[in-house]
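Starting off, we have a lone chain in the form predicted alone, written out as structure tokens.
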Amino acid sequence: MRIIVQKFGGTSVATGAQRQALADRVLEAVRKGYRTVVVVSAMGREGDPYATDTLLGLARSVCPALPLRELDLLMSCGETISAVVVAGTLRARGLDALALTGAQAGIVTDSNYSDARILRVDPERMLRCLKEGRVAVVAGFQGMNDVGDVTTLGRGGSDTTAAALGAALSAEVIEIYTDVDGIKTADPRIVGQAKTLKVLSYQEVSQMAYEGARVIHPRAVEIAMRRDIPIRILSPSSPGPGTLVTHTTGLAVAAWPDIKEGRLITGVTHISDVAQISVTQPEGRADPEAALGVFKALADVGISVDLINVSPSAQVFTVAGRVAEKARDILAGLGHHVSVLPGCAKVTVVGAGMRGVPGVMAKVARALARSGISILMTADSHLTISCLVRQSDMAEAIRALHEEFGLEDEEDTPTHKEAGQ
């Protein structure tokens, strides 16, 4: 069987008109000969009746300390409702659709409630459904553990559901439908000239997601990458081809023979509301063990750190702004000297083409200096260069980097040889 998995986000199922656009996409796939699995998120966003955040707010208004097990059972309801409504929409359009919960679709998870990991997928029921010519409509974001409790998969869980089902069913492609027509070179709300990227590698998309782009969850990308299943990022209301995610170069070239190879930078991402924390030991004494105590203390209370710079006498790193004061209190309580710089943002250039290419950091520094923006600290990997800047400078920093690397014309992005000029 030629199998396709189509995942639709909350805004794609929120209204009758949007659900009809969804049905158009499903009918198109069926007419092309695909056996189709549809994965759906809860309808709408916070404030809408069945959105996950709305259900969570309802539970916490009754009992602020409700156990995660009970919260998972409640939060799974939004996707279940959505699956039934979408299945009904497809039936009204002439398709034989079957609504399934995550558990009924064979998704088995661990017992880490609210952020469960998929352990395995039993595809037998799904395969029977598809062989019978039915469209399976699966509630995303949820599964069931080995003792029969409903679990949820955390942020981006419906993306993860789609990828896991695609892998288990050996799907030909996974389509992720969002409210944008593909992955952009930057946030279009900040950069009006941001372009839709035609093709990206799994590694680039995963890195962009980790660095702030919210089009797809990196866990889903990693699952698809392991099985070499292409992903398309699309909009149900846009006729464009969206963004193809793959590491098979031949597939990318076949889809877009005019694609220019040697792209240096793929895009510019950002994470706002970041705080920089500097920790020094009492009286500046060098202590090789200090870093262990600092980072273990934060890990013990679930505070994640980023942009880490460690020396024998000091540790400098960033945390999310909302936990900065908590981190300060914990570390000060251990006898460290702690200073916090709030109101920062992390801006990152991402691109597989920068690996081993001299001059990329020079271009980053030049672009920001030209705009009068101070770099507070940096970090890099084979695919990224990240700069910490003040929040007030974030938008201008993104625009400056977008212009410096020529991303307003994505097909004419500078090649490797041009990087050091």
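What you are looking at is a predicted structure, and each value in this text was computed from that prediction instead of being measured. From 1 onward, residues are counted along the sequence shown. Heads up, when I say rigid core I mean the largest set of C-alphas that superpose within 1.5 Å between the two forms.
Below, we turn to the form predicted together with a small molecule, even though it does not appear here.
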Handout entry: the small molecule in the model of the complex: contacted by all of Arg125, Lys131 and Ala168, heavy atom 4.5 Å
Key = no
Fill in the blank from the handout: The one residue among Met225, Val85, Leu73, Val180 placing a heavy atom within 4.5 Å of the small molecule in the model of the complex is Val180
Problem - Single option in Val294, Ala105, Val245, Ala186 placed near the small molecule in the model of the complex, where near means a heavy atom within 4.5 Å - result: Ala186
Handout entry: the small molecule contact at Arg117 in the model of the complex, heavy atom, 4.5 Å
Key = no
Problem - Arg390, heavy atom within 4.5 angstroms of the small molecule in the model of the complex - result: no
Problem - in the model of the complex, Val279 touching the small molecule (heavy atom, 4.5 Å) - result: no
Handout entry: Partner proximity in the model of the complex: Val173 to the small molecule, non-hydrogen atom cutoff 4.5 Å
Key = no
Completion exercise
Within 4.5 Å of the small molecule in the model of the complex by heavy atoms, the stretch out of 86-94, 73-81, 340-348, 186-194 is 186-194
Handout entry: Did Asp53 shift 2 Å or more between this form and the one not shown, C-alpha, core superposed
Key = yes
